[in-house]
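One chain comes next, on its own, written as structure tokens: the form predicted on its own.
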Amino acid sequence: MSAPGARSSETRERILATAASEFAERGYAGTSIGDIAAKSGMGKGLVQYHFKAKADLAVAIVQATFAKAPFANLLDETVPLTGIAAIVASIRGVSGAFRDDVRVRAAVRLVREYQLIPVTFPTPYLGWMDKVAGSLREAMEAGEIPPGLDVEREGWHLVATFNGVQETSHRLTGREDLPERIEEMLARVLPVLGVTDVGKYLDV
């Protein structure tokens, strides 16, 4: 990459990082291009050179977040995980991202506030649901859970249950207790799926 190209990429990344922090803290309505320019230490015109409108920033953050690990179930494991182990690792990975990754927090808040934003966002969680369903299918084939499970339905419910837990944790403790609540969630849902050796997958 040329030096000007590298600088342009670095500038764009700096803008996105600042925008994510502002969106996560203030929401879409509470954030302006001027705020992002001031916080990033660059002129408003330079921000608008890369992103013509605030909505363009919102779309870039949401699209990048839901296309990357851990939502895509890319877990950076030396030996790829499968079945129940993959589901547990994915849920823990997403939980950690919700708590610790400002871009994930920004994307989640932006999706929640979609009615305020004049764009169409990609539908969140569908890819993750599909990956969880695939891992459930692997678990059935490996004998980790009984046969006959409706994997698409259970994948939907696992992701929806996670989302309810993280949202409640966010409202009550700012997600400080999210790791503990996720372990409690896993202790409840794994037996429902028919996992016999539940303790093999739990941290509690």
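These figures come from a predicted structure and were not determined experimentally. Residue indices: 1-based, along the sequence shown.
A second form of this protein, the form predicted in complex with a further copy of the same chain, is not displayed here; the remarks below concern that form.
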a further copy of the same chain contact at R188 in the model of the complex, heavy atom, 4.5 Å | yes
Contact label in the model of the complex: R109 to a further copy of the same chain, heavy atom within 4.5 Å = yes
Check whether R181 has any heavy atom within 4.5 Å of a heavy atom of a further copy of the same chain in the model of the complex, and answer yes or no.
-> yes
Residue contact check: S169 to a further copy of the same chain in the model of the complex, 4.5 Å heavy atom = yes
Listed range touching a further copy of the same chain, judged in the model of the complex by heavy atoms within 4.5 Å, from 33-41, 169-177, 47-55, 140-148 = 169-177
Of the residues V104, A86, I117, M129, which one places a heavy atom within 4.5 Å of a further copy of the same chain in the model of the complex?
-> M129
What residues of 134-166, in sequence order, lie within 4.5 Å of a further copy of the same chain in the model of the complex by heavy atom?
-> R153, E154, W156, H157, A160, T161, N163, G164, V165
